[in-house]
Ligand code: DGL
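Quick heads-up: it's one chain on its own, the form predicted alone, in structure tokens.
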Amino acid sequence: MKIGFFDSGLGGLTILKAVAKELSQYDYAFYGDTKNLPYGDKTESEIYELTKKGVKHLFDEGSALVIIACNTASAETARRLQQEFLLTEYPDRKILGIIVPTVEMMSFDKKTNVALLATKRTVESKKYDLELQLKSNGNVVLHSIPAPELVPLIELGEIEAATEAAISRIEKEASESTVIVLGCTHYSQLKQGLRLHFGDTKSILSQDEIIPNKLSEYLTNHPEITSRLTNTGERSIHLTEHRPDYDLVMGQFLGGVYVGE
């Protein structure tokens, strides 16, 4: 069986790439709901139904474990899917989100100003705020910045324009921050530009650098899942809507050339 990744678009491919590099022995499947992108402007019920559909597809195609590699979906639906959908439909499978592992990395020895760059829905959900209350040591002063304009730019491959927009937002709205959390998998594409611009003045936490180690720890602690995973080298990508320009963008996300079927 495979490890599945669900995303509202193509951004989750950065997480898949990072995980597959770290844990290359397993088979992987990706479901990108490009037809309904973006999720940031949708209602909670719409996000739940779309995410459930994608997760079901991944389970039906043989995934034992699905990672919701979308902060908006993780914020709005992950827990509900775990508590309702899994129990009745797929009690032997697992669903993981990516917000909790990210919050677990936000532990500091002293008061630290942290800027969260995320979609509008992720910010409005206050999921990061709630998880910080549960899991942090109280030293995080969080400033959330909704940046819905970034995902469309990244999906079009306009990385430089998206990076400039992100820098502008951070400098105007969170100049005092010393840590930037990229709270959308798409934003992983901006980390190099942000690090180049801010240098040592701000640390950048990118989820493609967090999730591989966290997933490795999870699999070590859950041999009942690990024992079911296959290692034939299979990598599959399913998009709900394909466009020719997505081939170029997928190549950028995967760090090489991608040619669609």
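This is a predicted model, so every value here is computed, not measured. Numbers for residues come from their place in the sequence shown, where the first is 1.
The next section is about a form of this same protein that is not shown, the form predicted in complex with the ligand.
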Contact segment among 55 to 63, 32 to 40, 197 to 205, 217 to 225, judged by heavy atoms lying within 4.5 Å of the ligand in the model of the complex
32 to 40
Is there a heavy atom of S177 lying 4.5 Å or less from a heavy atom of the ligand in the model of the complex?
no
Answer with yes or no whether Q189 is in contact with the ligand in the model of the complex, where contact means some heavy atom within 4.5 Å.
no
Residue contact check: V103 to the ligand in the model of the complex, 4.5 Å heavy atom
no
May I ask you to state whether T119 is within 4.5 Å of the ligand in the model of the complex, using heavy atom distances?
yes
Where, within 150 to 168, is there a heavy atom within 4.5 Å of the ligand in the model of the complex? Residue list please.
V151
